[in-house]
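Next up: a single chain in structure tokens, the form predicted on its own.
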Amino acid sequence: MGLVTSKSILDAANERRYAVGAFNVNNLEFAKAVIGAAVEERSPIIVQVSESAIAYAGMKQITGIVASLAGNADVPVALHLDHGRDWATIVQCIANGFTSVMIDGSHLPFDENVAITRKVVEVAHAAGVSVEAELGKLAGIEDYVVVDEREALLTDPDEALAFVERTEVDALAVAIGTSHGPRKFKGEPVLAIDLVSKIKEKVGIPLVLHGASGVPAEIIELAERFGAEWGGSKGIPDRSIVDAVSRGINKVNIDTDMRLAFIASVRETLSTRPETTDPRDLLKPAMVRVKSVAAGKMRLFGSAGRA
């Protein structure tokens, strides 16, 4: 089928009220796993690459891998830059075949975020490339955080409306209390799920949830059985993700869960097959675990069967 824009994928999800997984990849194995899951689940998919992943794999190399796999897939696949902050990298992504980019100006004052986002939108839209932006601070919120501190981290619905109107962005990442990484919370997470409905009512466009990995207990247990030290890892419950999707989230970013599954598998293989000398003996079962994680997310988000 070849690569398509994330706008075409997310507009359909917005209209039909489901979410699409955006899966971070760094190499061939992760890309094959997640796109393979999409084909089997008949799900549209957004494959995303961070600036550090580009530095690791190479711009043309990672683009070539994803574009080649997408060309052989019969489901919609978008290639997206995740958390772009470097202007030169964003422009290079647009020039090298990415169909979607994120400009992350969430660390900037509101007007500066608007200005840089608008600049990216003008360049990207001229090339037929979709744009995601972010408003609010992505930081885990727990049960002991006082109200004023909590509200300061979250996306304000009125600001979101002004931001979307001034930038004409295609999708907006919102802060409702999620956080990146496996150790998101020390206490119980307190997500402002109701905020999704309020923002959606204001802006109408596809909304994005970052920091949404679930950190499954069975993966943690498997890895620790073979030597990992991952104590304190805690993620977002599936029920919270389903609730957020029902209220207007249309793109859910997944990275940590796949990393954990991959490393857990490699640890298991190294421990149970000490005789192996073939790297593929490590990578093949790890790919299966990553693929399983991705397929499960597609079913959870409601995108399975939508391609």
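Just count from 1 along the sequence shown to find any residue number. Nothing here was measured: the structure is a model prediction, and the numbers come from that model.
The form predicted together with glyceraldehyde-3-phosphate (G3H) is left out here; the points below concern that form.
The single contact residue among H125, K202, H83, R118, judged by any heavy atom lying within 4.5 Å of glyceraldehyde-3-phosphate (G3H) in the predicted bound form, is H83. Just one of N27, S271, S68, S52 comes within 4.5 Å of glyceraldehyde-3-phosphate (G3H) in the predicted bound form, counting any heavy atom, and that one is S52. Using a 4.5 angstroms threshold between heavy atoms, R259 counts as touching glyceraldehyde-3-phosphate (G3H) in the predicted bound form. In the predicted bound form, D255 approaches glyceraldehyde-3-phosphate (G3H) with a heavy atom inside 4.5 Å. Here the chain stands by itself, but in the predicted bound form one stretch of 44 to 52, 30 to 38, 237 to 245, 275 to 283, 44 to 52, has heavy atoms within 4.5 Å of glyceraldehyde-3-phosphate (G3H).
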